[in-house]
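One chain follows as structure tokens, the form predicted alone.
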Amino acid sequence: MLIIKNLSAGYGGPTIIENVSLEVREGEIVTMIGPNGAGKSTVLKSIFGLTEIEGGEILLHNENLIGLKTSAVSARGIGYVPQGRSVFPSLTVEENLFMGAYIRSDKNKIAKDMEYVYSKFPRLHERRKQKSRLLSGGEQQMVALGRSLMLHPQLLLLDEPSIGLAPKIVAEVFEKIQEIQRDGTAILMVEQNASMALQISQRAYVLELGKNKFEGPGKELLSDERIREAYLGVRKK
């Protein structure tokens, strides 16, 4: 589905990621972990057309996305939930969700997808007429997830979906991510809660200093002593 080959990118200054390669297959969850500043978010932003590409390829079904505008990337079925639960605070929940379908014109299908979002997040249906600024952090994250689903994406990019949330809400968000994946949407996720992310990921990549460090099945990396000690804070006994 998505293949990144030897990607180097930045923001007009120093190179942030260098020769990064990864793959996301149909209907799977893939996670990137690593220390702060490793370039994980830059990979997601590069896919979505928000960085300066210095080299490499980003292939979606063998089409190179490099050079496309963000709107064109979205139109090809890629949704993006940036870090920090970016909602439109002055808009209601429902208005926020409709913003996710701004490039679509198929009104009947939009209504159907709205029903799908509400089925996944019943709390949003209860609060659909409330201003988004009045929601809790967890509810705002659900709005951000729901809004991305209004594009009916085949691939969803998630940047730190659990950041700043209480443990109980984190568990709920991860449960929703798995539900979305089971419904057929592939997910590429950056996540600070590495232990929980690796548990639900089919495969994972570890980035360090902007480069690939390790890769493998999520649960294999979770049990790898090098990963546990360096990235999960688990010391050898």
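Note that residue numbering follows the sequence shown and begins at 1. Remember, it's a predicted structure, so these values are computed and weren't measured experimentally.
As for the form predicted in complex with a small molecule, it is not shown, yet the points below apply to it.
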Partner-free chain; cross-checking the small molecule in the model of the complex, the single residue of 181, 193, 42, 212 with a heavy atom within 4.5 Å is 42
Heavy atom within 4.5 Å of the small molecule in the model of the complex - the one residue of 139, 113, 160, 94 that qualifies | 160
Is there a heavy atom of residue 86 lying 4.5 Å or less from a heavy atom of the small molecule in the model of the complex?
-> no
Contact of residue 55 with the small molecule in the model of the complex (heavy atom, 4.5 Å) = no
Residue 37: heavy atom within 4.5 Å of the small molecule in the model of the complex?
-> yes
Give a yes/no on whether residue 227 approaches the small molecule to within 4.5 Å in the model of the complex, heavy atoms considered.
-> no
Where does the small molecule sit in the model of the complex: which of 65 to 73, 28 to 36, 194 to 202, 164 to 172, heavy atoms within 4.5 Å?
-> 28 to 36
